[in-house]
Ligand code: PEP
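One chain is shown next in structure tokens, namely the form predicted alone.
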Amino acid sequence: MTPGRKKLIVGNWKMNLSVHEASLYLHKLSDKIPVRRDVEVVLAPTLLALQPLSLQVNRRQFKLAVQNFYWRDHGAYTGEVSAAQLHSIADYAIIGHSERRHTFHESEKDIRSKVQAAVRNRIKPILCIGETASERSYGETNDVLRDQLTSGLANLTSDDLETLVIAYEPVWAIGTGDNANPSDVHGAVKVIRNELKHLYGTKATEAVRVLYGGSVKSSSAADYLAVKGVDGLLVGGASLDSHAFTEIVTKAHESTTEAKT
């Protein structure tokens, strides 16, 4: 981890927990996870629970992320919520998650527009990129990562990168139990960082944090956090288990302590 970059642990609750359940779960996490200067913890509840949790959460302890939004700031778009409406509630926005790309068929244009909307509304984008099993089998991983990164960041300036987070989430590893090994993650993160440097230069990309996401568990977290160039984790199912999620956050703290010794 580069000095000055905190470890970042993001818990994506996906379409789980009612408003009441989310409130109780946040209370439980608040008792388990202490405030640490070297680890930033972000929770991404459903949109329905996001607003009430924003009134309950201790922002020193946890930040909040929105799982999805529409890229227009306002207008006649029935059923949608914009980044402009969310900027006082959400600190981060998950964009381009594989479930949005493949289940809801969001295009590269949609994803690019959402990144830009997040930036202009002062919400930190977490851009998710990653290859499918088919793309991996054909040896296209590096090309996919470069293409998704280049497209997703189009029209951003070097200054915009100060709040950017990239999450490498191989589609074939999400919710499948078929975990990526640390050497695969290292190779992918290296490609991502090299492409960022190619696009924006070394200095501009120093603040960018790169996460790994894909069936992360408390038992595998330390191995992924030890990968050079990885600044944190995007956690799915394990983020709904208070014990497992607390362990993952603790291991992130321990990884920064070990790096200093």
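Numbers follow the displayed sequence, beginning with 1. Since the structure is predicted, the reported quantities are computational estimates derived from the model, not experimental observations.
One more form of this protein exists, namely the form predicted in complex with phosphoenolpyruvate (PEP); it is left out here, but the text below deals with it.
This chain is displayed without phosphoenolpyruvate (PEP), yet in the predicted bound form the stretch 212-220 from 31-39, 53-61, 195-203, 212-220 comes within 4.5 Å of it by heavy atoms.
Although the partner is absent here, residue 174 sits close enough that one of its heavy atoms falls within 4.5 Å of phosphoenolpyruvate (PEP) in the predicted bound form. Mapping the unseen interface onto this chain, residue 234 counts among the residues with a heavy atom inside 4.5 Å of phosphoenolpyruvate (PEP) in the predicted bound form.
By the criterion of a heavy atom within 4.5 Å, residue 169 is counted among the residues contacting phosphoenolpyruvate (PEP) in the predicted bound form. By the criterion of a heavy atom within 4.5 Å, residue 251 is excluded from the residues contacting phosphoenolpyruvate (PEP) in the predicted bound form. Along 10-24, residues 12, 14 each place a heavy atom within 4.5 Å of phosphoenolpyruvate (PEP) in the predicted bound form.
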